[in-house]
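In structure tokens, one chain follows: the form predicted on its own.
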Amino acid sequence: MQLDNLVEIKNIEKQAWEALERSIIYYKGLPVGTVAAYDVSVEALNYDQCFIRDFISSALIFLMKGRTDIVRNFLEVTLKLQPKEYQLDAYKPGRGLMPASFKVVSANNQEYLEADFGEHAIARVTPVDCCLWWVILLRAYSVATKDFCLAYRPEFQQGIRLIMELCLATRFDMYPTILVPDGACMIDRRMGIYGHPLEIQVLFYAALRAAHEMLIPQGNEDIIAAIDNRLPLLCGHIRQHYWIDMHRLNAIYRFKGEEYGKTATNLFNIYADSVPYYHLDSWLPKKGGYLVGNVGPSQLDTRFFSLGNLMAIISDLATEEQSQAIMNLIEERWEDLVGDMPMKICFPALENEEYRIVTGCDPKNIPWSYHNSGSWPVLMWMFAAAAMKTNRTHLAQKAFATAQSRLWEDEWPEYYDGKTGRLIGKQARKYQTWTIAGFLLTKELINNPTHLPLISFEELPPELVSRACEFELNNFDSILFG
């Protein structure tokens, strides 16, 4: 690499760190998080708050660089914002929820934290992913510091337990997955992901694994037993019913509908005509595959959602064979999924009448923009981690090389528009903190893959998954695996 390029990269990294430092917010003199964006050219709205999901990228790079104090402070203050009492008031957050965001408010010479559980958000959607990310981050902090003392404190044990009770509670559902509304995750607007979206299920799996590591057995026997029961069921369910490749597509193409009883093979009553198999037939590589976006009653959302697939690789929810197939797909369809800015939040975009009906004509989610197949630089660190995990370092390096100089020149936008991500998002904030942190985190993971254990797990024993899903395996072996 030429000296000029090295100097340029160093300057970009230096300016990224300066921007990240500028984004830190303080409460009573202590750093407790980072604002969503520090773009002084537009009205702040809620971008001057610290979002739990946004802070994950900043937290991980801080942990990797030994800046553990800010992560510890964040975990402590957000835990205090978690409701601990049962609420029968429909307009108050449920017990165990974590807020979407919080801000520091100064009044009468005093500071206090004000949390937003969705009551101020667009469409008033409660975030489901935040409590899951919180558990994952607590475990990452414990691994990074090699100290589980924080997680073992009584108030943290209670916090983990309340989140697990919230996720494992009695439900109006018959699947091991979590039933959630539209807009309950990173895609926080109406995009047709209600039901059992992949992103939430993968984060749920990772949170269960993290909680299992951190819960003290004494006094938590019931929760640990519930986690032991749910983990293999959830794992087997996702691996079987969310997976699609050419072999699986052929099975779906020949599905019969209206089946009843234990001998049914089309368990979710998927109608073949609802699946865009002609598009998939030409798009799926022979050795590629991925986890679909949603599975439910007569629903198979075959859109590719990046966060769910990448985190499935990172968390070992996907098998080794599936992980390699996902990376094969991304490499084969690089122009569609990575393009000029890593990487697409989902693919393909909803267009025409489908866009109007599903998104409610959301002007921010026009085709190939924002959540409707826009390009999100923050996803680059997850792609890098997945590439490291699957020994595809060259793909991480290629994606990083594509993004690094452009992100700096474009002033770190929140997202990009267009089929290949060549346009800065029409309403994207600049100096978006998770874009900045994602850039730094990607570079750090490429240079030091030893950081992967912060966010990764060992694979569940195959025999455990097999036993838990014995009925489904007996019925689906011939269809799914030949």
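Every value quoted in this text rests on a predicted model; they were computed, and no experiment measured them. One rule holds for the numbers: they count along the sequence shown, beginning at 1.
Unshown form predicted in complex with a further copy of the same chain; subsequent notes refer to it.
Proximity of Glu320 to a further copy of the same chain in the predicted complex: non-hydrogen atoms within 4.5 Å are absent; the residue sits far from the partner. Taking the partner from the other structure, a further copy of the same chain in the predicted complex has a heavy atom within 4.5 Å of a heavy atom of His237. For Trp283, no non-hydrogen atom is located within 4.5 Å of a further copy of the same chain in the predicted complex, even though that partner is not displayed. Taking the partner from the other structure, a further copy of the same chain in the predicted complex has a heavy atom within 4.5 Å of a heavy atom of Ser298. When contacts are defined as a non-hydrogen atom within 4.5 Å, all of Arg171, Arg230 and Glu258 contact a further copy of the same chain in the predicted complex.
The single contact residue among Lys80, Arg124, Lys84, His279, judged by any heavy atom lying within 4.5 Å of a further copy of the same chain in the predicted complex, is Arg124. Checking Glu111, Glu354, Glu335, Asp147 for any heavy atom within 4.5 Å of a further copy of the same chain in the predicted complex turns up a single hit: Glu354.
In plain terms, the part of the chain that comes close to a further copy of the same chain in the predicted complex, with a heavy atom within 4.5 Å, is 263 to 271 out of 243 to 251, 371 to 379, 263 to 271, 69 to 77. Interface residues of 171 to 185, taken as those with a heavy atom within 4.5 Å of a further copy of the same chain in the predicted complex (partner not displayed): Arg171, Phe172, Asp173, Met174, Tyr175, Pro176, Ile178, Leu179, Val180, Pro181, Asp182, in sequence order.
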